[in-house]
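So this first bit is one chain, no partners, the form predicted on its own, shown in structure tokens.
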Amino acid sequence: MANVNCNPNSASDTLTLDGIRDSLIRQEDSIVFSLIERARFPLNGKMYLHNHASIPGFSGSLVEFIVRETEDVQAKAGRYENPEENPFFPENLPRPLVHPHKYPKVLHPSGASINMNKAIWDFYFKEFLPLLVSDGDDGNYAATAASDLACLQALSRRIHCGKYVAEVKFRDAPNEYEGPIRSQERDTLMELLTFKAVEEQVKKRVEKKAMVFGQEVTLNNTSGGGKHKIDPSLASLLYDKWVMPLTKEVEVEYLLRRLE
């Protein structure tokens, strides 16, 4: 069975572009399902207002509080020892309380610490979420925030897989990348990493997945009147405008540090 994770599960596994592609395709499922789950709730906009919840000793929105507290617990359980996982609030996270798993170190140390989660947080809440959900407030703030976090973590994992994509591409053709890296030619690296035909396939595939996964299922062999839990075109837009561009930004940033 092919690895689901970008990072090989054991030191004996080989980092390959085919393996990473398989992981990225499977991660599309996680992203689409997380979007469907979030769309169950309306916007619940009060969650995102600064200091609306008036939490003692905390300054920020309710969703930020819930994400910080959740990451704190997950850090104690060792989640962020996995190089594929990147916290949204990495400052002052506690050390793991469990014996850490020995993940194979396949990334170059200079690029392993790249974290694009601030950009992910900003586009998700400011631009994408209002397109995904209906306006309104049903008071289910804790469940809504949990759904937001599931979306954020799925998107973060997918986008930061760009580190592994960049590493395997560099290993496969170091002579092709070393020149632009040494001269820090960001635009040249972006051109080397861009394959429009592949990107179009990805957009079509995630739109179809959103259509299939989000259809209303009935027992009388009908399609539910063509209704879908989310607009399938939003999945395509998500990848086109944010996921794939940010993934390539991660790849470029990683390559720029690859020879350090």
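Note that residue numbering follows the sequence shown and begins at 1. Computed from a predicted structure; not experimentally measured.
This protein has a second form, the form predicted in complex with a further copy of the same chain, left out of what is shown; the following refers to that one.
With a further copy of the same chain left out of view, the stretch that reaches within 4.5 Å of it through heavy atoms in the model of the complex is, among 112 to 120, 179 to 187, 165 to 173, 93 to 101, 93 to 101. Using a 4.5 angstroms limit between non-hydrogen atoms, residue 234 is distant from a further copy of the same chain in the model of the complex.
In the model of the complex, a further copy of the same chain lies farther than 4.5 Å from every heavy atom of residue 193. Put simply, residue 139 is close to a further copy of the same chain in the model of the complex: some heavy atom of it is within 4.5 Å. Taking the partner from elsewhere, residue 49 is found to have every heavy atom lying beyond 4.5 Å of a further copy of the same chain in the model of the complex. Contact residues in stretch 15 to 31 (any heavy atom within 4.5 Å of a further copy of the same chain, taken in the model of the complex) are 26, 29, 30.
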